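In structure tokens, the next block holds one chain alone, the form predicted on its own.
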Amino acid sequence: MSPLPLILDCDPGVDDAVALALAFGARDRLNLLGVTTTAGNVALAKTTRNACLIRQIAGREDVPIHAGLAKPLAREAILADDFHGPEGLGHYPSAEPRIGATSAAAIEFLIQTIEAAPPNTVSLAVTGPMTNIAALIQKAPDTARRLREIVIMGGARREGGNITASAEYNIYADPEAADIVFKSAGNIIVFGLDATHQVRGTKAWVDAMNALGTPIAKLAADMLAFSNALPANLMDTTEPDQPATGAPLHDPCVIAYLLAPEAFQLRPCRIEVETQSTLTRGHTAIEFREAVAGAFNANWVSKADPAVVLSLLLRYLA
């Protein structure tokens, strides 16, 4: 099987860092055409620097990185450095990478790369706010329709929100962008908190990654350890009588799906995003009844196998 052509749009971010590490490591399965960055967990300059640093640690400086948009489509940026640390990578030592981003032209890179490939061959993974992807759809809608699939981390239904009571951070940060993407008529697979809260980076996971001994495995272990040490009232929305056993691995689930889709269960649905209300900004209304929805526009991941995600991390971080 030929490696899957993939572009990863991200905002590293501790869990984005683990997703990047997995994508960089799986070179036998993923043809990583490039990485694009956006503002999100920290400001754009830091997400771009972090992506370049992770690339260097992974030994994948063959993969180009392009900086994208520095703020949401219609709002000011809302950062999540409370969750990720002021530099975005927890307590990991901050350093400037040897090689920086190729350019600040992420949208042009997306257009050129997608159009250069046969239709329905390039997958797009999105692990941050969907600002760059919405800009792509607005500028070149026919190009966006050439994508094989868009696999997104964002949204919540059963689990409630993690940035507000009803909103997941990536959607909340740029709800207008999310609204554009979900209305784009693409093949969209969505990992909301309902799925990612099933995949927990326990201390045993941290120990297993540290035992691999590689620099990129140590980075991933440090990211999980940092998240596990955050105050419970920041990280989790579980019921008091059902305490969490580790921080959710939100973004790595997206890459794990591309490597092992059989480990996840999908349900066709319609997703609508709240863009007007102050109280419920970024809420994702997810409807599984086709007679009510009118037409489905996405596939919602309802179940995830954490053992498969762990096995992929251990294989490709080694």
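Residue positions are given as counts along the sequence shown, with the first one as 1. All of these numbers come straight from a predicted model, not from anything done at the bench.
Heads up, the form predicted together with beta-D-ribofuranose isn't pictured, but that's what we're talking about next.
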| property | result |
| --- | --- |
| Option touching beta-D-ribofuranose, based on a heavy atom within 4.5 Å in the predicted complex, out of Met153, Ile216, Ala106, Leu89 | Met153 |
| beta-D-ribofuranose contact at Thr37 in the predicted complex, heavy atom, 4.5 Å | no |
| Touches beta-D-ribofuranose in the predicted complex: Leu193 (any heavy atom, 4.5 Å) | yes |
| Partner contact for His250 in the predicted complex: beta-D-ribofuranose, 4.5 angstroms, heavy atom | yes |
| Contact of Asn170 with beta-D-ribofuranose in the predicted complex (heavy atom, 4.5 Å) | yes |
| Complete contact of Asp16, Thr127 and Asn162 with beta-D-ribofuranose in the predicted complex (any heavy atom, 4.5 Å) | yes |
| Interface segment, criterion being heavy atoms within 4.5 Å of beta-D-ribofuranose in the predicted complex, picked from 198-206, 77-85, 175-183, 132-140 | 77-85 |
| Sequence-ordered list of residues in 89-109 near beta-D-ribofuranose in the predicted complex, where near means a heavy atom within 4.5 Å | none |
